[in-house]
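Let's start with one chain on its own, the form predicted alone, as structure tokens.
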Amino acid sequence: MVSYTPTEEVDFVVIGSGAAGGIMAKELSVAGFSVVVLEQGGPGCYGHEQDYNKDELLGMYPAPADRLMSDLKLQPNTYRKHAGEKAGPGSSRYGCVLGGGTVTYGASSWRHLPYEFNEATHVGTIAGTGMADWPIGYDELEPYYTKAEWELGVSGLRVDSPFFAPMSKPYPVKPLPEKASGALLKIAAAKLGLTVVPNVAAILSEPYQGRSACVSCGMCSGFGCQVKARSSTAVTMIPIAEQTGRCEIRPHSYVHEIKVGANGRVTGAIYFDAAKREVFQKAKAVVLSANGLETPRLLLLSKSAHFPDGLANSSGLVGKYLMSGNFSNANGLFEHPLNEYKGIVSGAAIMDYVPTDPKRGFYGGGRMTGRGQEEPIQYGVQGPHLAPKWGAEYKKALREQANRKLTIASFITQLPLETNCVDLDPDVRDAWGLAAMRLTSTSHPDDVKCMEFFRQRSLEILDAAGATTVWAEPVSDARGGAHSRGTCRMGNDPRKSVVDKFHRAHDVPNLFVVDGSSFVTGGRNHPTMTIEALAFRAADHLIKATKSGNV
């Protein structure tokens, strides 16, 4: 494996190795450029996936060697509903390992639909929001969706439906097997006139490109895959990048500043290594792919004489328009065992409520998925429905309910509001002494109405599916998390956006921001496939621009 010295100026430093960073590293190194990837997490079980643990308790309280997610003790964040409120402890966590969130996520891999790129034109700008059209359209991104699906390995079924994005090529791998949740959703859909399709997932249903199919272990979302069936960048992109002999992966590299030279161009990145020693890696250009929360935080931390308000922030919009994605869940108990603990976490999906419908009287839509997978400790701690928290009756309810519960999880739009943001907390520091991120977020009234709409529809569907008992908690706002996006939005106008349509920072010609932070609108809340398609597109442009001397 290649190893560069920090004083050696490489072509690109890529910050982050997840959905976008892993793709950028692979594409740039294959194209002949020298690349250093700085990943704040560890290597995990990279190359030895069989060593991933399936210990639920260890997953909840991990030792450093087993940690796959960010640690709130080391990397705290805070949350408040509005700017006039004192922020309290936050709960946002994300993948913190080589491969980022793609190592542990549920792997739903839906494309954005064509109209999701220009909803401002179709539904209006909506008072009090930052609703705007993207500077690119679906047709421009479609070839890159296809590239991502085939290079990573995505299981699914192409469907000819207005609720499904048009595809120039089918998915490379057939859909994953239908679970009880899918069969029950079909029963309800037949009664209610709804559309059910298999989940689209970056998890293999059959062997592909030398990797194994899913073995239905039942410990899926939140855990590393021991057979390489989950199509993470750690098993699909990073190995190819390293095999070029031009890409070095540096885990445990906690970047705290992107350095700027006297000419206002970036010169590399400063990070703390595993021993908390400060290191500066020189580079001709920087690709920032740290995720929708850490990317704006790092830009705001990277203040300089050229950028006193944070790097690439002349618009004042770095960190603004945070969209974490809203959710609405409803639950039902069924007469017979469902065995939903087997297989992947998310089963079939109901698509009919994806579009915005003016008849509803509010903006918004979403995708409804059936899921029943809960780990034993998780289920035991939260407790069975309407049962005591301890004792014989608690145990009896656990036995009766644990394998008969089905949840409908709805992934819903969230409008972009300038007041919803990521900034630096003035009072809280991380383990490296840096300002922690502070999240400020309150949903638009239309978002709240949309969540309640899905809550009610979910109860109806569970009832139609034959549930003996149904219930749902009141709707609540998102508080950040793995789906966070929109905090460095792309656009043609430097006054109203942070990066251009090719992810180049308006203020800094050799800085590229490539991850979910560039989203203009949030879509229906499964961002990963769009992040990956955008990364392939950004890399394509960046390679051409660099070779022509335009970086």
Ligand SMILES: Cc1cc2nc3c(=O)[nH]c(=O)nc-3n(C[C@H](O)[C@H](O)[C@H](O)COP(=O)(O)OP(=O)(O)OC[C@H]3O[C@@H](n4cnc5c(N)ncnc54)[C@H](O)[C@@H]3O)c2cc1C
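Residue numbers run from 1 along the displayed sequence. This one's a predicted model, so the numbers in the text were calculated from it and none came from an experiment.
The following text describes the form predicted together with the ligand, which does not appear among the structures shown.
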The ligand is absent from this chain, but in the predicted complex, do Asn118, Gly365 and Val475 each have a non-hydrogen atom within 4.5 Å of it? no
Within 4.5 Å, heavy atoms only, which of Leu415, Cys225, Cys96, Ala465 is in contact with the ligand in the predicted complex? Cys96
Though the ligand is not shown, can you say which of Gln243, Ser161, Ser221, Asn329 has a heavy atom within 4.5 Å of it in the predicted complex? Ser221
Taking heavy atoms and a 4.5 Å cut-off, does Cys45 contact the ligand in the predicted complex? no
Distance check, Gly41 to the ligand in the predicted complex, heavy atom within 4.5 Å: yes
Heavy atom of Gly100 within 4.5 Å of the ligand in the predicted complex: yes
Mark Ala148 yes when one of its heavy atoms lies within 4.5 Å of a heavy atom of the ligand in the predicted complex, and no otherwise. no
If contact means any heavy atom within 4.5 Å, which of 47-55, 25-33, 508-516, 487-495 contacts the ligand in the predicted complex? 508-516
Neighbours of the ligand in the predicted complex among 253-280 [non-hydrogen atom within 4.5 angstroms]: Ser253, Tyr254, Val255
